[in-house]
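Just one chain follows, in the form predicted alone, and it is written as C-alpha cells.
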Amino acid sequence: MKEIAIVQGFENNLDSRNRKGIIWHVLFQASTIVGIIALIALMLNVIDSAFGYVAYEARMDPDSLTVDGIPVEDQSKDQLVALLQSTLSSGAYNKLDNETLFVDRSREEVFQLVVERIIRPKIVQVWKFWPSLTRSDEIRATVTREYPKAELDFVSWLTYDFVTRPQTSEPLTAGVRTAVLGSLWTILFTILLAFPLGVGAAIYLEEYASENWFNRIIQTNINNLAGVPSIVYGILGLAIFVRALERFTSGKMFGIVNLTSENGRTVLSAGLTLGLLVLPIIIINAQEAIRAVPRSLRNASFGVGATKWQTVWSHMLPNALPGILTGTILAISRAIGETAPLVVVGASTAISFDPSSPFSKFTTLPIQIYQWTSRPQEEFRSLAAASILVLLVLLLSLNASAVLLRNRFSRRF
C-alpha cells in the first residue's frame, strides 16, 4: 500500500508539473506572438506613410519656362544653366556655382536645381498608402474639386534620389545623404574607441585582475554604467569633448581651420560620446564571452609551456571572438539609433553639406527623423517614414557585415 501511495503521489505531482509547463509554454508563445504582431504593425505604419498620392502646385508654371518650343523637362544642360543664371540673383547663382561648378554637375543635378529654385512645387495635400489604394477615385475627385491647378502623382518617398540628395527645406527635393554620411562617420569613431577599449578591459578583468576590493568596485561601476540614461552621456560628452577638449575635437590643435565648425560640436565629439555610451555594454558582453571559453583550453596551453599572454592571444581570444562580436553588434545597434546624446553634443537639425572630416559639423539619421517628425506638415512625416526605412536598411547592413565576420571566425576556431 505504501508503494502504491508513493506512485500515486508521484503521478499527481507529475501531472501538476506538466500542467504548469503547458501554461508557461502558452504564456511564452503568446508573448512572442504579441511582440511579432507589434513589430508588424509598426512596420506597416511606417510603410503606409512612405508611399501614397501627393497633390502639388508649382509656384511658377513650368510652361512659362519653355525655350524655342522645348519644355523645361526636355531642355539640355546648357539651356537649364542659362535659365538658372537669368532667373536667380547673381549672388544665389554664384553660391551654387561655388558649392559645385556647373561644368561638373550632371544634367539631372542641374534640372533638380531648376525644380527646387525656380519651379518650386508646393505640396497641398498628402495621402497615405492604404487610402491611396482603396480610395483613389475619391482622391482624384477631391483634387479636381479643391485644387484645380494641382498635379496628382503617386509618390514613393523612398527612392534612390532620396538617399543621394542632401537635405533641403522643400519636401519634394529633400534627401538624407548628409544624415547617412554623418551616421557612418559617427559610428566609425564609436567603434574605433569602444571596441579595442572594451575588449582590452574585459581581458584584463577576466584574465589578469586579482580578486580584491578595488577590482570589485570597478566591476560594479561598469555594471551600473550600462544602465545609465543616454542623456547623461550626452552631458558628459558636452562637458569633456565639446568644451574641455575643444581644441582637439575642433581640429585647432592640428592647425585645421574649419569655417563650418569652429567649436567642438563635431563628428569626433559625437563618436567619442557614443563610444562612452556603449563601452560598458561591450565590456560586459566581452566578459561573458571570455567566461564561456572552457578552462581546459587554458590549462592545455599552460601545460605545453605557453605564457599567459600567448594563451590569451592564441586560444582564449579566438574562441571568445564570436561572442565578443555579438555583443558589439548589439552595442552598435543601440548607438546608431541614439538621439538624445547627439542633441546635447550639438548635432545639427538643418545642414546641407556633407561631413568631410572628423572635425565637420554633422547630423545623423535619428536626428533627421526627429526633426521631420516635429514638423506639422504631413509631407515631412512621410519623409521621416522613408528615413526610418533607410535607417533600418543601414542598421541591418552593418549587423549583417558583423554577423558574417563573426561566422567566419566561428568556422576558423
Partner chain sequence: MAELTVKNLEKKASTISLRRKPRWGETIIQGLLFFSGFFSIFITLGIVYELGKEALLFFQMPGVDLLATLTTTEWKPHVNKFGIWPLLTSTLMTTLIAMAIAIPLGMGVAVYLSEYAIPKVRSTLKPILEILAGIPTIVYGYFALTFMTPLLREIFGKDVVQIYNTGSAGLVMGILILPLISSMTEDALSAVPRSLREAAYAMGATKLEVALQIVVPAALSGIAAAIIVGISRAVGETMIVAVAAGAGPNFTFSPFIGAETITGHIVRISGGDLSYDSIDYNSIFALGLFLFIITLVLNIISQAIVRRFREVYE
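Only the largest set of C-alpha atoms that superpose within 1.5 Å between the two forms is called the rigid core. Positions refer to the first chain, counted from 1. Values in this document were obtained by computation on a predicted structure and should not be read as measured data.
Keep in mind that the form predicted together with the partner chain is missing from the display, and what follows is about it.
Remark: of stretches 151-159, 166-174, 230-238, 75-83, the one touching the partner chain in the predicted complex is 230-238 (heavy atom within 4.5 Å).
In the predicted complex, the partner chain lies farther than 4.5 Å from every heavy atom of Ser401. Looking at Leu276, you'd find a heavy atom of it within 4.5 angstroms of the partner chain in the predicted complex.
Contact check for Thr339: a non-hydrogen atom falls within 4.5 Å of the partner chain in the predicted complex. Interface membership of Val54, defined by any non-hydrogen atom within 4.5 Å of the partner chain in the predicted complex, is ruled out.
Three-residue candidate spot Trp24, Phe28 and Ile217; every residue lies within 4.5 angstroms of the partner chain in the predicted complex by at least one non-hydrogen atom. Note on contacts: among Pro131, Pro71, Pro294, Gly200, the single residue with a heavy atom within 4.5 Å of the partner chain in the predicted complex is Gly200. When you look in the predicted complex, the only residue of Val180, Ile290, Ile332, Val242 with a non-hydrogen atom within 4.5 Å of the partner chain is Val242. Residues Thr307, Lys308, Trp309, Gln310 of 287-313 are found to place at least one heavy atom within 4.5 Å of the partner chain in the predicted complex. With a cut-off of 2 Å and the rigid core superposed, Gln377 has a Cα displacement that falls short of the cut-off between this form and the one not shown.
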